[in-house]
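Here you get one chain, nothing else, as structure tokens; it is the form predicted alone.
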Amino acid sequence: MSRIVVVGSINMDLVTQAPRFVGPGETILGERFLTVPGGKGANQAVAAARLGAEVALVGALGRDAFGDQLHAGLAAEHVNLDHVARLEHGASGTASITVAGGENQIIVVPAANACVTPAQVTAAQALIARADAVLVQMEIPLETVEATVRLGHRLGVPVILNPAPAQQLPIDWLQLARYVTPNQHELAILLGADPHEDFRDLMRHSPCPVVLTRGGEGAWYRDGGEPAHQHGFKVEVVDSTGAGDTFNAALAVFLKEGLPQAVRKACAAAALSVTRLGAQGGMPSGRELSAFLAQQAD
């Protein structure tokens, strides 16, 4: 069983299904509305737990109705919440998501997620020290992301940095991440590079190893040498929300098996996740992933 620590956001996703995306000043009739647990940190924690890992989450929630629901849901997924702060004054994070044609548009309000501190990361040092991998994203304060990367590096624990939402990061601590996992757009922003430059050249210029996601095309990865490609898996897309989080979680869970195998399993898990609605609703179990891979030609 892999031991994973996730440092990141916890949101309630407010999801609207619509026939198409709305334009400025326009009103259309939606098809369905629902509230589902989300946030990149929580999503990755749930995905890793469903794949069979022992998972702990470092984050923050408000003491509001959404916070109570989110806390209970994570506990039900067997995620260790000892380092999830409950803020007496403040709301839990939310994400307003519109889904149309298998694609999505998202507006995130961080709220409690903006209060995740480096001190919380330090307090979780014992858990991080015994982890097989640490996952961190960019929906929490940058100083907390940096603290996570630096602590993981000091303890010799691989840190997987998912740079979303993307911004340019300091090279001196970006070099300490074991892997970064952007898409092409995010990698260009991360490096302060031309977004039209060939993504393989961007990967070569990165100060740390890159696992680059390409949606239905699968993923490219480079850990020394030339970038290598792992093809995607053909499935019927229902909702792409949470696919990247599922990918990152699977990458962390299976990293001990070697990077090529971990990327293959991450692509397969992400493919399964888009066949059902909701960020966490589509995340597969380890048994589902094994059965899916057993059906594949390669």
Ligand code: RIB
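Sequential numbering from 1, following the sequence displayed. Nothing here was measured: the structure is a model prediction, and the numbers come from that model.
Below, we turn to the form predicted together with this ligand, even though it does not appear here.
S.K.: A91, A188, V108, M138: which sits within 4.5 Å of this ligand in the model of the complex by any heavy atom?
M.R.: That would be V108.
S.K.: The chain here is shown without this ligand. Which stretch in 260-268, 227-235, 33-41, 59-67 comes within 4.5 angstroms of it in the model of the complex, by heavy atom distance?
M.R.: In short, 33-41.
S.K.: Though only this chain appears here, would I97 touch this ligand in the model of the complex if you measure heavy atom gaps against 4.5 Å?
M.R.: Yes.
S.K.: Which residues within 1-23 place at least one heavy atom within 4.5 Å of this ligand in the model of the complex?
M.R.: Contacts from 1-23: N11, D13.
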